[in-house]
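Given next, in structure tokens, is a single chain: the form predicted alone.
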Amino acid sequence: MLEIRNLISGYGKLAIIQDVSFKVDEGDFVALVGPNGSGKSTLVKSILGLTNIFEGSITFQGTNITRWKPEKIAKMKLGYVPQLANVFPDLTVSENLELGGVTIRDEDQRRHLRDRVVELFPILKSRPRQRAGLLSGGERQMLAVGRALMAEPRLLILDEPTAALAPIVAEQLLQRLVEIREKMNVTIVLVEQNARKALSLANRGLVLVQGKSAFQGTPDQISQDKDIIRLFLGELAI
């Protein structure tokens, strides 16, 4: 579904991602982990057209999207939930969801998608007229994920959606991602600081360190590699 080849990217003239290659197959749940400052967010922003691409290529569903503008990439059924500024705070829950589905022209289809979203996140159903800015942190993250799903993405990329959330709320949100993958047939790429938890949900993982791919493989392979744990993830990270 997604293939990155020898990617070098960053901001201005500064290259942060250094010759990274990896694939995401349809149906995957990929955990993108690594220490702070390793380039995880820069890598996903590169996929979405939000960085400068110096070398390499990015292919999504067989189409080369390297250096495409973000608005063009968004029409490719590639969803994104950023860590911050991921809802419209002055709009209601219902209005945020409607904006998420603005590219879906069929009204019945939009209604069906909205029903599936509020089934996943019942709290959204109970507060349709509440301003998004008045929701709790966990509720805002649920709304952000729900809004992204309204565009019916094939691939959903989430950048640290559990940051600053209480542990029980973070657990609930992560379990919803598993349901989204299974029930809505959405491929997931999750950037997450809690490497242990992310890898427990994923079927594949990518460890990024200083902008480079340090290790790729199954969660078991990553978890059992003592050098990766000690040198890259840290003893307490996994």
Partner chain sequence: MLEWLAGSILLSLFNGSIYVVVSLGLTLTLAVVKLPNFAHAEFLTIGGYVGVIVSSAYPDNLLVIGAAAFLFCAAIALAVHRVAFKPLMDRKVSIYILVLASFAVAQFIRYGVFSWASVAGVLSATQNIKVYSLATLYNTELTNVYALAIVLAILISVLLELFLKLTTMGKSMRAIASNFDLARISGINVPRVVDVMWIIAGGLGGLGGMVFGIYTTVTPVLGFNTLLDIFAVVIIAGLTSFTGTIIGGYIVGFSQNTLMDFLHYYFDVSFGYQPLLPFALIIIILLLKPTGLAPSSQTGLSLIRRFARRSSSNPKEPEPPKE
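Note that this is a predicted model, so its numbers are computed, not measured. Positions refer to the first chain, counted from 1.
From this point on, the text means the form predicted together with its partner chain, which you will not see here.
Using a 4.5 Å cutoff between non-hydrogen atoms, residue 119 does not count as a contact of its partner chain in the predicted bound form.
Contact annotation for residue 154: none of its heavy atoms lies within 4.5 Å of its partner chain in the predicted bound form. Under a 4.5 angstroms non-hydrogen atom cutoff, its partner chain in the predicted bound form lacks residue 159 among its neighbouring residues.
Although the partner is absent here, residue 74 is a contact residue: one of its heavy atoms lies within 4.5 angstroms of its partner chain in the predicted bound form. Every residue in the set 91, 95 and 134 has a non-hydrogen atom no more than 4.5 Å from its partner chain in the predicted bound form. Contacts to its partner chain in the predicted bound form (heavy atom within 4.5 Å) from stretch 101-133: 102, 103, 127, 129, 130, 131.
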